[in-house]
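Okay, so here's just one chain, in structure tokens, the form predicted alone.
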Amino acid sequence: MLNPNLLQRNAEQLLADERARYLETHPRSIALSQQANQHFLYGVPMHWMNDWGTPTPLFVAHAQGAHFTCADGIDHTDFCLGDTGAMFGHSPAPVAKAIAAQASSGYTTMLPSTLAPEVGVALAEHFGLPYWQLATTATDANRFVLRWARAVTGRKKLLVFDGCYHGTVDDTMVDVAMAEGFEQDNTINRASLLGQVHDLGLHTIAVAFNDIAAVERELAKGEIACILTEPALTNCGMVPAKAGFIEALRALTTQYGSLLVLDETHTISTGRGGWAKNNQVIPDFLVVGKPIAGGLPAAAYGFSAELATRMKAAKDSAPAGHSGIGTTLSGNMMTLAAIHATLTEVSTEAAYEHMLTLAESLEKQLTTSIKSHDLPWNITRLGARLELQFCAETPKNAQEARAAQNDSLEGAIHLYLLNRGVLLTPFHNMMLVCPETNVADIERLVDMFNECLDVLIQRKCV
């Protein structure tokens, strides 16, 4: 096994080499960045687009299926897929057709489209819950669900897990820190959160993922309106739930009168219908977003008939006025058309079978590559979603996932692949397989990954 210090130096040198290579091969993206900097903060329409580790942002000219072409005319095999937003591929033909047809018949009216009943049927069939509401983003959907949960339970507090991410919902932007003089961990505002003036720990409790004893300790106090969690943490590094953990959450929330909210914005990758449906767990609320409209801004949250009755009672008994739930563009005509086409024609059983088969093959090949280079790393997979982690075993909580992170290694591998036409998600080198991904795409990724490891281990000429 290569000395860790030498591996670190190799990674830092490789990252420097690849940054120089990027600047040589992307003159058009550099020029566009300079132009955009005149009017956009950091030269991008949304500042996260600058968080890629490239010297300048990579500008895209065209995206189709599992590939896109950058501004410099370079074809890229895309395993990022908009960080799940394009999980079913770029511009799926049925969605493009539905959008084109709807474009001449209205975009938004703040009234229900005639397609609404069919979209409701599609959501219920796909995800397994009978009642639904639409939002524009998963962030909005999570925010709205928290309002409903507090309204129907009469409780104020929320329980989340350390390392969670549920969009830009203030209540969930917390971390766990050991407070001096206290036996238990302390919930604090996330250090990176800009402009926050309230102590989020007043109404949010964070505990370690997979720690069922900590969950029960908090639920037993009778103050928790709901638990909001993904079936696997996906933002701090992939952390799957231990066998039976989510099922135990379901049992404990029922026992203590709290609600269970599963945010499946990323875990839709598990299989058709998401993790909950494929594991026979019925949450009180299910939040889905990103890919359900083929990449257009859209999200939805589903719930049971019993919960629908409680929600109606809370709304009907409240004074007239804005509920704080919903936005003008939620459920617009264009979104409904895109959701219907995605759920009925794109995210099919056949599509998932293809995605899962290729993802399993990719997992095996990447694992073989890691072992052949004698590196203490692993590949964690959740359906069609995979992640490279710099630890020998998959983390069990956010603390372990953070400890395994290495910015230099992550950046070097990511940029090496990008410079050779293979794009991974910049956050933890996550990979997604879509219905348009093929065997040649998988082979291209594995070949480039092997080459990259050869360079890291032996410092071959790049």
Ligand SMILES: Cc1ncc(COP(=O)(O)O)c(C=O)c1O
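We number the residues from 1 along the sequence you see. Values in this document were obtained by computation on a predicted structure and should not be read as measured data.
Not on display, but discussed next: the form predicted in complex with the ligand.
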- Sort through F245, F303, W377, Y165 and report the residue having a heavy atom within 4.5 Å of the ligand in the predicted bound form. Y165
- Query: Though the ligand is not shown, can you say which of H373, K290, H203, K277 has a heavy atom within 4.5 Å of it in the predicted bound form?
  - Reply: K290
- Task: Specify the contacting stretch among 263-271, 361-369, 153-161, 306-314, defined as having any heavy atom within 4.5 Å of the ligand in the predicted bound form.
- Result: 263-271
- Check whether V145 has any heavy atom within 4.5 Å of a heavy atom of the ligand in the predicted bound form, and answer yes or no. no
- Query: Using heavy atoms and a 4.5 Å limit, would one call D83 a contact residue for the ligand in the predicted bound form?
  - Reply: yes
- Classify E230 as contacting or not contacting the ligand in the predicted bound form by the rule of any non-hydrogen atom within 4.5 angstroms, answering yes or no. yes
- Touches the ligand in the predicted bound form: A138 (any heavy atom, 4.5 Å): yes
